[in-house]
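Single chain ahead, written as structure tokens, the form predicted on its own.
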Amino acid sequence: MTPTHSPRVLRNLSAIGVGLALGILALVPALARSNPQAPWTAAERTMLKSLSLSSLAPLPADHSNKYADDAAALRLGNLLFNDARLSGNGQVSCATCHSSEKGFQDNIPLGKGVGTAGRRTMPIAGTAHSPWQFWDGRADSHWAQALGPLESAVEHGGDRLQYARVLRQHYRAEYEAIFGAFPNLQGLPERAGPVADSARAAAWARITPARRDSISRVYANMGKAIAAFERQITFTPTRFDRYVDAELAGRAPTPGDNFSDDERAGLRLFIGKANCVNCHNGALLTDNHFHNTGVPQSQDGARADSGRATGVRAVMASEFNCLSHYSDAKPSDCGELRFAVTDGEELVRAYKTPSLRNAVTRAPFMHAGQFASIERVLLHYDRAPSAPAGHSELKRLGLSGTEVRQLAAFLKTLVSSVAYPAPVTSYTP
């Protein structure tokens, strides 16, 4: 299979030595692996350290968004994230699907905005570390990701001129303090944008190119403000992190953080026989890449979905990608996009690896909620069925029922709260 890792992912994998550690782990005696109380080997300790949240690198810079770490942009983005006026029916905000009470997702198979989406809502925590957004990676930044749902006919269902009017009426002072003067909207229709609605699309086409550009600039800046908020949504340490940090420091974990025999056995399986760390590696327990794992079609069976094969074409053509007119990056900053693999069977029905942090709280699972329980997910990976299209990367694992139970027990140690900026209801300069 042709390697498709992005430059950032390759750097991360190289930094933690996952490949080397996996090779060494293969040599660990079976007796030690089967004994939950056996001491962790040097190779296992290296792997455990790489998986601990204490090993997470600082937030990477987003060169395409010069406001990514701007405090005023974060406050404005916080307001916009929670504002249902940014939708076609005035009832849908970003927080509708990305609920802070549910770890910034919604626990339903397919996202529901003004209509029903074709995929499950992805959680936001930690995604600022990823070069790609969405299940198929059709956006290459947080701010570009924020824009797609806003004009989607089944998510927010609005258009960029509508949103520009909302910002001008309700957030003009905040906007201008960050981004500069707001463009003149006089003489323009109430609703217009390059959307599926034919009337609004036709109205957009009648606007002069210069004025369309000024509106699109406001739209892009909306996304950049929302991104400044979203990139601060992070995971907090779990029992697993506290257990590993204590082990590596040579001290006994506190009673509440110590692992049971099943949890230790599940962790050994995770980094060994079950091959989970092939994709769920690093401190966020994801390689931020795309894999075909033979997941069945969505529950209704009617939605054709090619995954990354479609997503990579979308991101390359996006008017808001890293190389676009609205990006703040130099072309040399856009290596992920410039060197992205754009063709090959390995992209067909390949979906982004989600973080396993808090995963057990996010049922139903997979990109369209195909599996109702974490045990059902583990059985799928154990059995390695053929993919509906393309080629599955899975190989049969031969796990016993006990081993499936132990893996599930370990995954439950990866639960913690999600940290995020406190909601704001008004602007404070």
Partner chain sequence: MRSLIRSTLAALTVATTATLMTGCMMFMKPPAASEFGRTRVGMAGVYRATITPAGDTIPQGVLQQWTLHLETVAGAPVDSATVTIDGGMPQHGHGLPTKPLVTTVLGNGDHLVEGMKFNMGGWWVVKFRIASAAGADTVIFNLKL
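These figures come from a predicted structure and were not determined experimentally. Residue numbers count along the first chain shown, from 1.
Not pictured, yet referred to below: the form predicted together with its partner chain.
Note on contacts: among Ala72, Ile108, Ala314, Val341, the single residue with a heavy atom within 4.5 Å of its partner chain in the predicted complex is Val341. When you look in the predicted complex, the only residue of Asn281, Gln133, Ser327, Thr121 with a non-hydrogen atom within 4.5 Å of its partner chain is Asn281. Taking the partner from elsewhere, Glu336 is found to have a heavy atom lying within 4.5 Å of its partner chain in the predicted complex. The closest heavy atom approach of His291 to its partner chain in the predicted complex falls within 4.5 Å. Its partner chain in the predicted complex comes within 4.5 Å of a heavy atom belonging to Glu346. The closest non-hydrogen atom of Asp382 lies beyond 4.5 Å of its partner chain in the predicted complex. Annotated contact segment (heavy atom within 4.5 Å of its partner chain in the predicted complex): 271-279, selected among 81-89, 212-220, 271-279, 109-117. Along 377-413, residues Glu393, Lys395 each place a heavy atom within 4.5 Å of its partner chain in the predicted complex.
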